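Shown next as structure tokens: one chain only, the form predicted on its own.
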């Protein structure tokens, strides 16, 4: 067995980021990873515009205006948003203007309508002394043509999508999503639509891992259930290795008579780097590297068959690998660690680094971890519902008492 930290380091050293890039419509780019740094194509704002409903004026006309001695100006134009002003403001004049509208030539200050009084139809009284250039968004104030906007490796979430749209991008280059082959091994496994016979188990791993891969930004390739037959397993594993960027299999990695995965990986030319990790749940973990004809390499994860062990392996080891593979910057490869107060005693046997699942919440301004109820056996996936964190008990530590700070992996 190797330590968890060494396993993570080894796995990341095996992964090569994908270099393939594709162009996608901005409407389809949410969650994708930017492949090339982006600079602004336009000045933003595109023109001087008003940040308020009010009146566009010359500051020199109203610099002495007060509530007791307001300055009266003639309204010569009304400028709604989207309208091109037709007049240049002269001394003694004002333009009625609305939020987002272009500031007319000659005007250098906006006076909020709350500080004005309309007089007759075409005149307005300015009742305060405004600040020069107030409430005008200057052209290029936020970004000028050529200014850097987003770095390569940025995840395109709603804010990033808005930035790209506002600065003239309708199509964007992103890294291709990793294709992840998923297979489950075992004669006892059946699909959810089948009637269970004695000794059979529904293959939940196929669905859980596909959901994990999708959430991590990959494309799951579900290869189904493979029986404990060496020839059939060899064929499916070979196909997975040739067709995907990363492979996840569950089951067949322990020391049973029907656990063939490691032997087959070696036969197929895999460079096996990890066979077992000092982690609970999830000790049996096989990780191998394969070289492909196109000079690329892929990583094969042989995960345990128990559902919780498989997911813990994904959250702890596959997630960082996926982040690197997908093109995220190095700062995003590591898991998200948070310190929290445990609301219950957390116990372990101390022999392996132990991960206990539960819920992380912010209560009275402090992070608090609450253990999921029920058994924490690796086959019990029922109490995984609503899990968003894993509390970690280090090796040689048998208990972390309630009220003490615990290291938590956010998932």
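Numbering follows the first chain given and starts at 1. All values reported here derive from a predicted model rather than from experimental measurement.
One more form of this protein should be noted, the form predicted in complex with adenosine monophosphate (AMP), which is absent from this view; the next part is about it.
Residue contact check for residue 306: one or more of its heavy atoms lie within 4.5 Å of adenosine monophosphate (AMP) in the predicted complex. In the predicted complex, residue 268 stays away from adenosine monophosphate (AMP), with no heavy atom inside 4.5 Å. Residue contact check for residue 204: one or more of its heavy atoms lie within 4.5 Å of adenosine monophosphate (AMP) in the predicted complex. Though the partner is left out of this view, residue 147 does not reach within 4.5 Å of adenosine monophosphate (AMP) in the predicted complex, counting heavy atoms only. Interface residue among 321, 328, 189, 136, judged by heavy atoms within 4.5 Å of adenosine monophosphate (AMP) in the predicted complex: 189. Contact with adenosine monophosphate (AMP) in the predicted complex, judged by any heavy atom within 4.5 Å, is made by just one of 99, 129, 254, 243: 254. The stretch in contact with adenosine monophosphate (AMP) in the predicted complex, judged by heavy atoms within 4.5 Å, is 244-252, chosen from 244-252, 294-302, 312-320, 69-77.
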